[in-house]
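First comes one chain, alone, set out as structure tokens in the form predicted on its own.
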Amino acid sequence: MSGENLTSSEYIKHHLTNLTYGQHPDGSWGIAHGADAAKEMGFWALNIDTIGVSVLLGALFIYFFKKAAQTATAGVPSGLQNFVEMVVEFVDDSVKDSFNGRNPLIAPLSLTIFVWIILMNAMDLVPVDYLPSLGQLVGIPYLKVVPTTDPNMTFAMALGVFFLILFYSVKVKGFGGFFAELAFHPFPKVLMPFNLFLELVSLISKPISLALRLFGNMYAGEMIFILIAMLPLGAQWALSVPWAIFHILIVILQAFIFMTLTIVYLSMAHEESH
């Protein structure tokens, strides 16, 4: 990186370190120089590369889909309109297949999740040294450009889904109905403490599984790209191209799984208690 002779472990550690801003132990505010310095900043440290890249990709998503909507025509569609219609139809079919209630929020939410996660995952296909090297040229010491390899990002999205699950569970079933669903199933009422334990574990596991599944798969993929980048140039081309082609499937599949589970969980939240 930028002329530095890094060892293998230093190279890997550099590429897996976020650009973090927060309060140093001495009370000053600034950029953390390394993963250890970021840990010392505590809870309020911000991974500004994750935030910046995810916001930028979200803005691109809004721009292109809005442009497609504004320029839509009943005649021969443009390539952009055709692509957007295909994606919207795919997401709409997924919602119809998995969501049993009636809620105008679910389809737009699912579309946002699906496209946004694909865009964030697709940053994994950019050569691992390219953007960090450009960042170092302008004085940015660390740049981790795949937001979904940051557990803060995946857990933030999963917690957003979890809050929607709780909100609609209470809205549709009432607080009493939601509590009864947790306390009186699957065993008789006399086993209420056991029921509560099982159902609360099941409920809490939903956002955890959503976050860790996405993070784990993308982090592993990024790690493989980094290891390939440490090989001689010929071996890099021989391995990186097949892995990148295969990784495209992972990029799309992980977005689809996150979207589908979100739809299913929210469908369960809309089901009336019996």
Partner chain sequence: MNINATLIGQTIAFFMFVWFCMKYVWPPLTAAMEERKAKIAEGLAAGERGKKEHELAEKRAKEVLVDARTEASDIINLANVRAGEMVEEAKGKALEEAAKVKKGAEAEIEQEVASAREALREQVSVLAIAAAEQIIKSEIDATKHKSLVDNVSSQLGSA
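Everything numeric in this text was worked out from a predicted model, so none of it was measured. Numbering follows the first chain given and starts at 1.
Omitted here: the form predicted in complex with the partner chain. The next part is about that form.
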Residues Phe43, Ile51 and Val161 are flagged as a possible site; in the model of the complex, is every one of them within 4.5 Å of the partner chain by some non-hydrogen atom? yes
Partner-proximal stretch of 197-205, 184-192, 170-178, 103-111 relative to the partner chain in the model of the complex, 4.5 angstroms, heavy atom: 103-111
Can any non-hydrogen atom of Phe65 be found within 4.5 angstroms of the partner chain in the model of the complex? yes
Does Ala122 reach the partner chain in the model of the complex if we count a contact as any heavy atom within 4.5 Å? no
Within 4.5 Å, heavy atoms only: does Ala220 come near the partner chain in the model of the complex? no
is_contact(Gly216, the partner chain) in the model of the complex, heavy atom dist at most 4.5 Å: no
Heavy atom within 4.5 Å of the partner chain in the model of the complex - the one residue of Leu143, Met153, Ile118, Val128 that qualifies: Met153
Heavy atom within 4.5 Å of the partner chain in the model of the complex: which residues of 51-77 qualify? Ile51, Ser54, Val55, Gly58, Ala59, Phe61, Ile62, Phe65, Lys66, Ala68, Ala69, Ala72, Thr73, Ala74, Gly75, Pro77
